[in-house]
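The data below hold one chain only, encoded as structure tokens and taken in the form predicted on its own.
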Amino acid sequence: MDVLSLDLLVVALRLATPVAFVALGELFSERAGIINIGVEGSALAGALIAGIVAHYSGSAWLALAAAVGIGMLLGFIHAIWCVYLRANHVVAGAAVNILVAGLALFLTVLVWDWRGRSASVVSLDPWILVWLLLVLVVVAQVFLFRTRWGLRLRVVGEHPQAADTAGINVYRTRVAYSVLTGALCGLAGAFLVNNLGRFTAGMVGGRGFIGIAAMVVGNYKPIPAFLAAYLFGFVDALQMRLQDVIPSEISMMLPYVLTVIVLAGFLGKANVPAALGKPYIKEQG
């Protein structure tokens, strides 16, 4: 078996794509100071709505837009909870995950009369989204570290009081980037549906959480986060080939074991935004 075959590297890129979309989204959210573990549910919602809209409209492009839209809505809801109502970020994200998981089972029965899965739906060539991801990663890298808007975002996540003093609206900034996070998670879900050609309730399969891990390993930077996501995609592609050599139960554990091992080595080294997860209360004066 040629482990480093070109075919394996290409498959790894496809498998890394939804993880990288989530990682990029979470990066923007956490740079603004918002923890969003609801990215798992947002990606699942994107996949679910993409499947439903494709089923009724017959348009894969309309389904893609709907996936982005539902992701943005969930990102907005999460931001309202965390920014204005000052809810615990982790609890709010967990609520999104639970809500979407329940809706997925209910709506699949309602639409297709099958619990947790859909019939085949029209889909785009998934490589369209792969190339979109690659462009977005480069754009995000330039935006974050070469523009004044990127500097403003980083200041909000590090020193919201200083940002406020400089005239930056901390609340609006956090809401805006939370919505962007949701949009990117919606793209992750849409990719999964377009790649498989149907929706299943378990299709995200922890990729949202692995995306968060990739973001941490990438030290809150777009290109390194993408490379970390690609590493997970490579291991995922490799485990598929190893199923012919070792028991599938063991090989399927590899991406998740790698996530734990890599996180254990990188958690203490990441430059976590100073105001991450902390509510900001604007001083009245």
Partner chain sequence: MNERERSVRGEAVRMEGIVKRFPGVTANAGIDLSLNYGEVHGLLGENGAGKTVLMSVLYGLYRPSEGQIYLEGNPVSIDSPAVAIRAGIGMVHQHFMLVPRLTVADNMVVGWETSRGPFLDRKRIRKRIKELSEQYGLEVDPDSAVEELSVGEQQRVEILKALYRGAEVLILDEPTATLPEQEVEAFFTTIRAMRDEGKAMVFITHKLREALTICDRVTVLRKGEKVGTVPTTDATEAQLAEMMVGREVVFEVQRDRVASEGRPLLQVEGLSAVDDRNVPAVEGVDLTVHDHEILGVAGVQGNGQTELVEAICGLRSAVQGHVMLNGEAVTGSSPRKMAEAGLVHIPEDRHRRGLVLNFSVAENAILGRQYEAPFAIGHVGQSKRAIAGYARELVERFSVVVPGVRTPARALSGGNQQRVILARELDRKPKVIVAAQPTRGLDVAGIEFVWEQLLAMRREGAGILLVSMDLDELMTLADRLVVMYQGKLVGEHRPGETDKQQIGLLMLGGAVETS
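For clarity, every value in this text was computed on a predicted model and none was experimentally measured. Residue numbers count along the first chain shown, from 1.
Form predicted together with the partner chain: not shown, discussed below.
Stretch 159-167 is the contacting one of 159-167, 113-121, 82-90, 188-196, since its residues have non-hydrogen atoms within 4.5 Å of the partner chain in the model of the complex. Annotation: in the model of the complex, residues Ile37, Arg172 and Arg174 none come within 4.5 Å of the partner chain through any heavy atom. Distance criterion of 4.5 Å from any heavy atom to the partner chain in the model of the complex singles out Val155 from the list Val155, Leu129, Met72, Met203. Proximity of Leu105 to the partner chain in the model of the complex: non-hydrogen atoms within 4.5 Å are absent; the residue sits far from the partner. In the model of the complex, Ala274 approaches the partner chain with a heavy atom inside 4.5 Å.
Within this chain, Val109 is remote from the site of the partner chain in the model of the complex, having no heavy atom within 4.5 Å. At the 4.5 Å threshold, heavy atoms of Leu134 stay clear of the partner chain in the model of the complex, well away from it.
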